[in-house]
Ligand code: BDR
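Below you'll find only one chain, the form predicted on its own, shown as structure tokens.
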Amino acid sequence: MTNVTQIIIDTDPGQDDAAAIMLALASPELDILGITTVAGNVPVELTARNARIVCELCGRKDIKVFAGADRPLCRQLFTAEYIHGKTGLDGAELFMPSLPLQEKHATDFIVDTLMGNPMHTVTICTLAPLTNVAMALQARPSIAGRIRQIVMMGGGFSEGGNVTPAAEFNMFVDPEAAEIVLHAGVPITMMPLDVTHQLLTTSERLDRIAAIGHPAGRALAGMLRFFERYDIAKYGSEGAPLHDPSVIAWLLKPELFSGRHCNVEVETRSELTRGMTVVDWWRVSGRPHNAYVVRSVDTRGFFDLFTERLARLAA
């Protein structure tokens, strides 16, 4: 197939991470070179297991999974079991995966993959705190010039934060890593809360997923029904924001989204606003643009794409 995009998925599953991985696995336009996991929503031992569970649910035991950083660069780990449950994937019947975990560290895999492929051919999809990617950039700074782009779920501006009044979870957990990545000179597309909060898991949308008639669809519907309970109580909304699949959908159908190039900085010094992303949407700071920040999405088009691709798993 022509026009196949080679990707690395860096993740901390998490029910919405599971949804993103499933969307990628169901999309032939994407060649998943590997999945790297990091401590975030739950500790890295669980994120490494959860990524392999998702691959097995989708019948993809060919995917290689690599465990990475077990804590942020210079802070104590903050996790989100209060949202995702003690396993990270509560809501579905889980199992011990037979898919083996690769021995190589995630950071080494990222570096080796970028050095071993032609320039500007590998895209990194980050669904988690940016620790693994920052460590790879620190270990081999020259890889920055080889990355095609980084598409990240993280940050927020007019929506504020979702873990503190100021900060989105991925940025809050490891703001120092986010600062390294944002200043690496790599083309970046950022999916902040401002766009992901438009993608709600309503009952009708979850019913469509459950009706697909495949173990992955049924498991995901259960996961998301568990996942949404926290945000429904918090926001009074019809469902939970489906954050991470926005990254994969951007690669598949960028025309569903709109945004603009602007400067993004992340707060690392203040405890009050730790992890806050300062997005210069109106370009008043004079600082150079370092990210394409997405702000709106065709919600119906997104969920049509998402459901259609998951249905392919049952075909």
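Computed from a predicted structure; not experimentally measured. Residue numbers run from 1 along the displayed sequence.
Form predicted together with this ligand: not shown, discussed below.
Residues of just one listed stretch (137-145, 109-117, 182-190, 241-249) have heavy atoms within 4.5 Å of this ligand in the predicted bound form: 241-249.
Although the partner is absent from the chain shown here, 16, 41 and 162 each have a heavy atom within 4.5 Å of this ligand in the predicted bound form. Using a 4.5 Å cutoff between non-hydrogen atoms, residue 131 does not count as a contact of this ligand in the predicted bound form.
Contact annotation for residue 127: at least one heavy atom lies within 4.5 Å of this ligand in the predicted bound form. Although the partner is absent from this view, residue 168 contacts this ligand in the predicted bound form, with a non-hydrogen atom inside 4.5 angstroms. For the chain shown alone, residue 223 is not a contact residue for this ligand in the predicted bound form, no non-hydrogen atom being within 4.5 angstroms. If you take 131-154 and check each residue for a heavy atom within 4.5 Å of this ligand in the predicted bound form, you get just 153.
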